[in-house]
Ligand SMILES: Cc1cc2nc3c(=O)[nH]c(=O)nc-3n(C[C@H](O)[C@H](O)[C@H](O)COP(=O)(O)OP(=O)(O)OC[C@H]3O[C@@H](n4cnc5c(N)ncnc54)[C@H](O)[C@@H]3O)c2cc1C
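Take a look at this one chain, the form predicted on its own, written out in structure tokens.
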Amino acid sequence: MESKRNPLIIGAGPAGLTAALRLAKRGVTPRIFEASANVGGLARTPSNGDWRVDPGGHRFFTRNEEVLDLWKSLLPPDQWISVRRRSAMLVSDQYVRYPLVGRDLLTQMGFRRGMHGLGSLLCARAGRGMRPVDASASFREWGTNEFGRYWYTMFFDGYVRKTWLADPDDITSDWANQRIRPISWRVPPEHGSTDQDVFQYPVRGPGQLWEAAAAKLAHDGVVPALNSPVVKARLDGGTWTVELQSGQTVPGDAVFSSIPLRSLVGVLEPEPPKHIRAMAAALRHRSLITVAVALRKHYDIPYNWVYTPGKGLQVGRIQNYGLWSTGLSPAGWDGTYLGFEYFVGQDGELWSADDERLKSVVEQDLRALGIDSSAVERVMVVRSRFAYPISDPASERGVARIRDFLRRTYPSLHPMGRNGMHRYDNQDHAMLSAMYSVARYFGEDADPWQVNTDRRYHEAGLLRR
């Protein structure tokens, strides 16, 4: 009976591959179309010889047992490592641990600055009283109330402008509630304690997991068609016809889409109304350029992520790949392997820069960090165009209206994943939205839009059984 089903999947990132795995498990053979040459989306791991690049720093954490089971089914135990989260913000040439610790704020940057920050925080709390910050508050309002104006300005105002390419007044506080933890006033655990943030990570980077997913699908007769951009998705009666850039057309009974929501609306036929197309066209993304730099010299950077909110550096965040996994570099490598992350607009000057220009930008940042750029042994550039959906009040209203229109007009169309739903989800949330979409396809009462709606969700700790 299930063999009569013929679903089509657009996009071979975490959501698309998860949907395919779920469909195959239920006896359905989907067809997958991926515009790029790789599976995994942002969670891919491009390689050059024995060097591998994680474009986004993917922590494998989930509160969902089904997601965890799927991860563990794709890679054997010896291909997973546990990574302790060690993050910092580089402010005034000092590494300040992040999430922020009250003791550090009061002592690390000097007594006077510590007292200034504490006084600012107490004033903000006194002004707010017992009233919670309104859910519709801007990021600036939320940050000032949560950290006080002094510490908010020092750590977060520049961070938002640099990494989100937006004014803090134009961003809602919802995502901040999930991703930015309040100041901890407890004494942090000692090094080696089990009461620390620990995450799972594939030995050879996140793409290893999705390459394994693609291999499993191939074993089941499902091979993603790479370099196959979809240019039209046409619904006629109950039948979908997907047209590829090559001119090939493929029929199906349903479409699962993880491509950017704005792109999906743009390829639909019949064409959506003008106001829906206008709202979709207004949705924006940040692009990400990751420049991986191998340095012959070893630098002691005790953090796997360093945020750089100050104006003295163009880079927004630096990954220390050596603390993610030694499997990202050649065996026996004893230098330093870093990933410089530049968050850029899709039409910005840096996005269109060639590799030589990007190398010069990285060299400037290296010098600003006090690192001798002559120690550079290898540079690799990875560009991710639709990396992060940008959320603001207007886009949230637009997404809600687009969602409702698609449900009414195209009931067999299933947007899913971070870009497909234009939501800043983690990959486990993207996977859950795909699982729920497949359940909905089979007539079950499941709503993928209800995934990741907890305003106080934080990644913390390692889910064990």
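Just so we're clear, the structure is a prediction, and the values are computed from it rather than from any experiment. Throughout, we count residues from 1 along the sequence that is shown.
In what follows, reference is made to the form predicted in complex with this ligand, a form of this protein that is not presented.
Listed stretches are 23-31, 53-61, 435-443, 399-407; the contact stretch with this ligand in the model of the complex is 53-61, by a heavy atom cutoff of 4.5 Å.
When this ligand is considered in the model of the complex, T144 lies well away from it, no heavy atom lying within 4.5 Å. At a distance threshold of 4.5 angstroms between non-hydrogen atoms, L68 is out of contact with this ligand in the model of the complex. Interface membership of N426, defined by any non-hydrogen atom within 4.5 Å of this ligand in the model of the complex, is confirmed. Residue contact check for H422: none of its heavy atoms lie within 4.5 Å of this ligand in the model of the complex. The candidate site formed by I259, R317 and G417 is fully in contact with this ligand in the model of the complex, as each residue has a non-hydrogen atom within 4.5 angstroms of it. Only one of G102, P229, G322, P99 comes within 4.5 Å of this ligand in the model of the complex through a heavy atom, and that residue is P229. The listed set F156, Y342, F139, Y388 contains one residue whose heavy atoms approach this ligand in the model of the complex to within 4.5 Å, identified as Y388.
The single residue of 280-302 lying near this ligand in the model of the complex is L288, the criterion being any heavy atom within 4.5 Å.
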